[in-house]
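Before any questions on how it binds or moves, here is one chain, the form predicted on its own, in C-alpha cells.
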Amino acid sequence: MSRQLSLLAGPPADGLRLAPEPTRIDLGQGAWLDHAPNWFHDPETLLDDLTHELEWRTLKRPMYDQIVDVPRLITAYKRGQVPDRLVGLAADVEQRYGRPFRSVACNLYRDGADSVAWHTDRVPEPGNCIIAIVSVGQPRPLLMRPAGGGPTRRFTLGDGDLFVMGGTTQALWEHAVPKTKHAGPRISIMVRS
C-alpha cells in the first residue's frame, strides 16, 4: 500500500493517515466503480477552504414550463485553469488511473434541500471515461441505477471518500444525489478524464 502524501499543493499535514486502496465494484458490461472511504486525509479543512476560496455560482435550467434554479452551487475549470488548491488532487487521480484529466468541477450542496436528479455526465467518450469524485463534508447518499431505471445501489459519500465511475458507467448507468431532511454542507470534487 502506498502512502498518500498529499492531494493538494504544499507539505503533508501532521498526523496523516494511510490512504486506503479503492475497492473495485464490477457493474458488468465494462462498467465499474472504485470506492475508498476516508481516502483524503483532511476533509474538514478542504471543505472549509473550498467553500470560501472558490467562485461559486448558481445556474438556471428549464423544467416543464418554467426556468428554475439548479439546487446546488457549481464551479468548473478546464485543464490549465484549475485553481492551485485542486491541481494536486487532479494530478493524483491522473497518475492513479493513467488518464489525463480534462476538467475539474465542484458542486456545493449547502444543506439537505440541495440535490441533483438522475443523470449521466456529458463526456466525449461515455463508453470509456473516468470520473473521480472526492467528497468532503457531511455524508450524503449517491444513488446509482441502470440507465432508464432498475434496481438502485446506494453509496454514502463524505469525509474524504473517493468514488470513481469508470469504463462504460456513463453509457449504462445513471446517478443522483437526492434531497434529505437534515444535512450539513458537502462538496463533491469531480475530476473528469
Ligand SMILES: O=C(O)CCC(=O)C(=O)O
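Because the structure is predicted, anything quoted here is derived from the model rather than measured. In case it trips you up, residue 1 is the first one in the sequence shown, and so on.
Separately, the form predicted in complex with the ligand exists; it is not shown, and the next lines address it.
Pick from Leu46, Val164, Leu157, Ala31: which has a non-hydrogen atom within 4.5 Å of the ligand in the predicted bound form?
After the contact test, the surviving option is Leu157.
The ligand is absent from this chain, but in the predicted bound form, do Asp121, His175 and Arg186 each have a non-hydrogen atom within 4.5 Å of it?
Yes, each of Asp121, His175 and Arg186 comes within 4.5 Å of the ligand in the predicted bound form.
Any non-hydrogen atom of Val116 within 4.5 angstroms of the ligand in the predicted bound form
Residue-level check for Val116: yes, a contact with the ligand.
Any non-hydrogen atom of Leu142 within 4.5 angstroms of the ligand in the predicted bound form:
Heavy-atom contact with the ligand at 4.5 Å: present for Leu142.
Examine Tyr109 and determine whether its closest non-hydrogen atom to the ligand in the predicted bound form is within 4.5 angstroms.
Judged by the heavy-atom cut-off of 4.5 Å, Tyr109 is in contact with the ligand in the predicted bound form.
Please determine whether Ile130 contacts the ligand in the predicted bound form, using a 4.5 Å cut-off between heavy atoms.
Taking the distances in the predicted bound form, the answer for Ile130 is no, it never comes within 4.5 Å of the ligand.
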